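One chain is shown next in structure tokens, namely the form predicted on its own.
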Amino acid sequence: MEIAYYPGCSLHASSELYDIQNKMVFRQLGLELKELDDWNCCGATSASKTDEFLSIALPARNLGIADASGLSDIVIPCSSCYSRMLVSQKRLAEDPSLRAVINAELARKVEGKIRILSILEVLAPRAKSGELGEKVKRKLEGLRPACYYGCLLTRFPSDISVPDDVENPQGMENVCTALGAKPLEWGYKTDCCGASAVVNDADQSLSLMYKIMKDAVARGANCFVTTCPMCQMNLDAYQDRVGEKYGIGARLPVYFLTELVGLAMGIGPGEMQIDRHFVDAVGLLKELKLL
């Protein structure tokens, strides 16, 4: 079965391994990811802060390409890209005049046909139905992940229906449980990590990450798991600075959810490039005899 796929800029750059993992894992589930032809940047956070029209128009071009693909669904792993595409689709549906202005400049028009899905909206139902569990070859026993959703996956700047609890989502926990891991309940799963603000306001971002780290460690987590490339990058790349500044000795691997799903399915860590993390992500797996 083919499903449209929008990787976004991060998955073709700093989080290239996430792109590789998505394709591997989805293929195991019988889903072939068909990347949008000639896609463009969705604008992420910057466009929405500087130019409201551009923040709708940039995702709209991708939506037009997706609508023209002939496929019914599109999966968007990046939380920021997912948010921007959903917001753009809703705004265009509610504002025919704006849609007409934008469509006038597009070779492939926005029709509003494509259904936008996060990676969790693909994996969580399969965990609930048992389909994911049937693919598990190795139970991830001993993993105690703090499932970190970040601030963009369940909260939007407009009224958009969310297929999970906004403040205490459970989709990632359900997936991890199906893999044999024991996810923890904790208090910062939807808090902001600072995102790209770490570049221009490092102190504030490190403070936000400290709160996330402190609670996860206090609850007994031995790793983080996330679906957002920005969240993964921040907690992974800046964890040493957070620990040194705030006196946290523990270092927790920050896994993409695809890495845990892939491992449980029997895909090797080398194939998924798990050794490319800043915080050692292979050592814990060896310690728990999961490799």
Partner chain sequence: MSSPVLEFKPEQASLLLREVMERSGQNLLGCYQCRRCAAGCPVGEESGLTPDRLIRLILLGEREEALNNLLVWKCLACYTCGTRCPNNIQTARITEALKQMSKEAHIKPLVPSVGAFHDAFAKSVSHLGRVHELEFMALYEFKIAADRARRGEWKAIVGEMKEQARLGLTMMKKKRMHMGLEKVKGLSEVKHIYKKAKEKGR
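In this text the structure is predicted, and so the values were computed from the model without any measurement. Positions refer to the first chain, counted from 1.
Although it is not shown, the form predicted in complex with its partner chain is what the next lines describe.
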### Query
in the predicted bound form, which of the stretches 49-57, 219-227, 24-32, 261-269 has residues with heavy atoms within 4.5 Å of its partner chain?
49-57
### Query
Heavy atoms within 4.5 Å of its partner chain in the predicted bound form: does Thr45 have any?
yes
### Query
Taking the shortest heavy atom distance, is Gly194 within 4.5 Å of its partner chain in the predicted bound form?
yes
### Query
Heavy atoms within 4.5 Å of its partner chain in the predicted bound form: does Val282 have any?
no
### Task
Although its partner chain is absent from this view, report whether Glu185 comes within 4.5 Å of it in the predicted bound form, heavy atoms only.
no
### Task
State the residue from Leu120, Ala181, Leu92, Leu152 whose non-hydrogen atoms include one within 4.5 Å of its partner chain in the predicted bound form.
Leu152
### Message
Where, within 256-291, is there a heavy atom within 4.5 Å of its partner chain in the predicted bound form? Residue list please.
### Response
Asp275, Arg276, His277, Phe278
